[in-house]
Ligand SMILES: Cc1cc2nc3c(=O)[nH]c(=O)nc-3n(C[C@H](O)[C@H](O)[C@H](O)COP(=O)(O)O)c2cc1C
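A single chain comes next, written as structure tokens; it is the form predicted alone.
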Amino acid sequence: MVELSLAEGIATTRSIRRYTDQAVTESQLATMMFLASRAPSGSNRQPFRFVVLRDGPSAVKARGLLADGASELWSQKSARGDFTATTKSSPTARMIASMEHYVDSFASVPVIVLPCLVRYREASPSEGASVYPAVQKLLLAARSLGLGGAMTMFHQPREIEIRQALNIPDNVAIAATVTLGHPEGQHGPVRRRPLSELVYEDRWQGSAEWAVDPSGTRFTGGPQG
């Protein structure tokens, strides 16, 4: 385990999209799954499940399909011009380069996890509340072990084929696609907008005078990991 306070772990768990070739051990996987499984869920039904994809025959097939989905979604974003870099050294340019590397190497990332939801009633807009807390705990658990991860929805373009390859039942929803591995680089403080832009009191856009960022906080005005 990495010696981190809970607050430090939360403040420095960023999306990691570049990984070394170092393997994620089964002990590390077990620890991450245990911590992720401590997440809350509606009525404590614990409907979340994790399909871990490493190097088995079904996993290899699903990885290829996920890589195709990643390429398709990223191509669509690029074609729409969702991200525009003003200079080659800008944060957006670095993010684009990171995403391109991520997509190109997606099939070979160390571990892919499909967090799923076993539905016990009709699909509803609120059902994510019973699986996404577990996804965040999974990413925090990875951080505590010196690993890193990123959550995507890259399964969506090939979901039918992925479900068939992994024998996922009809009543189970794939909620996300998460990659995990040893970071090629390091974690660091996550940049977000100032609290004054994010926290209101008493009414919509009501000023919360007490919502002050810690000294030294660095900010961003746009999408970040």
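From a predicted model like this one, the values you see are computed outputs, not experimental measurements. Start at 1 with the first residue shown and count on from there.
There is another form of the same protein, the form predicted together with the ligand; it is not shown, and what comes next is about it.
In terms of contact with the ligand in the predicted complex, the residue from Val118, Ala93, Met151, Ala107 that brings a heavy atom within 4.5 Å is Met151. The three marked residues, Arg14, Met99 and Val190, each reach the ligand in the predicted complex, with a heavy atom inside 4.5 Å.
Comment: 152-160 is the region of 29-37, 166-174, 49-57, 152-160 lying near the ligand in the predicted complex, near meaning a non-hydrogen atom within 4.5 Å.
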